[in-house]
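Coming up is one lone chain in structure tokens, specifically the form predicted on its own.
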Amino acid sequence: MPPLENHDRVTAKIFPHPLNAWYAAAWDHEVAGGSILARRIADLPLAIYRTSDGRPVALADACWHRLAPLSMGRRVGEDEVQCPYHGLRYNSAGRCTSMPAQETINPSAMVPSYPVVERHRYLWVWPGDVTLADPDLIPDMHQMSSDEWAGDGLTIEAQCNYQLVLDNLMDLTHEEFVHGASIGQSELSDSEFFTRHEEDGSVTVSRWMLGVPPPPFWSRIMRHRFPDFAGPVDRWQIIHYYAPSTICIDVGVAVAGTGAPQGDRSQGVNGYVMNTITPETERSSHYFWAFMRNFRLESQQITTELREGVRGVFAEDEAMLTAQQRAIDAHPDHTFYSLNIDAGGMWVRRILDRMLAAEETGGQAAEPVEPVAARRR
């Protein structure tokens, strides 16, 4: 693939999603006890539940008999669900084990069962070719469950295509304009950034702002650790993208000139904004997020304060993304033009295009390209 240039563009359309990938389907606590969760993942309605020993299961949410939603049914036995309409039972493999008023079970009576893995506080589902469902491909979100990090998050039911959320997270200069009262500042647009596409298909966008005043959000966080802090700071944003739709952002500020760019963050505060976006339909997404920190791990007050603060920031993103999706629907032939700041997002689109092309041909994705050099506004 050729280097990205400013004239690179793409038609504003509904962007498809790959199926041969792991997508977060739910927080671990959303599926508990005897409950059955109905959730649409990659345009597939699923019934998600746990067996009696706690193992997560994802079945197609439609009974073989008359397509009644299994999520409206109930858990029975060790690992089965019962259809709410006529009582057919299915085990965790999707095989029908019981039919009403007959002993012989039709051998075709089954519903699809999808691979599920519980990791990083999420239940991950693979909606594509089950023979390719390697758990090692689940994105690295270890901060979510590490003893060295603390935090919490929520889910946004975003009324937009999932790639619009990826665009939003890969270019954080929008903070200056969308989040001016919390995390935005003019230095975001003025600073250099570096975009790199790694051989494993991940993308990293790095930005440092040195000797700048801290925006209100970061000023409050610094005072949790350094009560007498007044600024200025060295601020960083290091965005890590993992295909198809996970973005973990290493963020923080440190007292200016104390060595943070060289790796010494002891005079600062460090957080990770964890984001994984799951297509629901062509125009809606489940946006799972959390804010994790590596200081004052014992404080539930700080955990709650940060979660609610980030919730307010992301509500501003949600409003913008919803409006953007409406505009795309109203102008389906419009062309997106790209600026230098879109370099990371453009690499993401190319990676997704490769994944989609590989699924169409039944082959492997193209070989990774050479890393991209630094870019500036």
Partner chain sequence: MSSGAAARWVDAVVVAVSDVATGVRRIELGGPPAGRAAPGSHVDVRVHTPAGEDVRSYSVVESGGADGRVVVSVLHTRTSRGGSRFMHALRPGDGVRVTQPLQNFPLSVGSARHVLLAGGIGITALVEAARVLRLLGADYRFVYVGRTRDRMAYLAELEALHGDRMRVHVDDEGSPLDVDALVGDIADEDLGRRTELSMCGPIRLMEAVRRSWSDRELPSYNLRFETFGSSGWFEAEDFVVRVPELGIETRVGADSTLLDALITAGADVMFDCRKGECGLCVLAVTEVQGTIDHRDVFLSTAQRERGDRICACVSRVAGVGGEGVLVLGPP
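If you're wondering where the values come from, they're calculated on a predicted model, not measured in any experiment. Numbering follows the first chain given and starts at 1.
This next part talks about the form predicted in complex with its partner chain, which is not shown.
- Though its partner chain is absent from this view, in the model of the complex it lies within 4.5 Å of a heavy atom of just one residue from 164, 96, 150, 158, which is 96.
- Of the residues given (107, 211, 227, 263), 107 alone sits with a heavy atom within 4.5 Å of its partner chain in the model of the complex.
- Residue 133 belongs to the set of residues with a heavy atom inside 4.5 Å of its partner chain in the model of the complex.
- Although the partner is absent from this view, residue 112 contacts its partner chain in the model of the complex, with a non-hydrogen atom inside 4.5 angstroms.
- By the criterion of a heavy atom within 4.5 Å, residue 301 is excluded from the residues contacting its partner chain in the model of the complex.
- For residue 198, no non-hydrogen atom is located within 4.5 Å of its partner chain in the model of the complex, even though that partner is not displayed.
- Taking the partner from elsewhere, no residue among 30, 173 and 186 has a non-hydrogen atom within 4.5 angstroms of its partner chain in the model of the complex.
- Of the candidate stretches 212-220, 274-282, 140-148, 88-96, only 88-96 has residues with heavy atoms within 4.5 Å of its partner chain in the model of the complex.
- If you take 73-91 and check each residue for a heavy atom within 4.5 Å of its partner chain in the model of the complex, you get 78, 79, 91, in sequence order.
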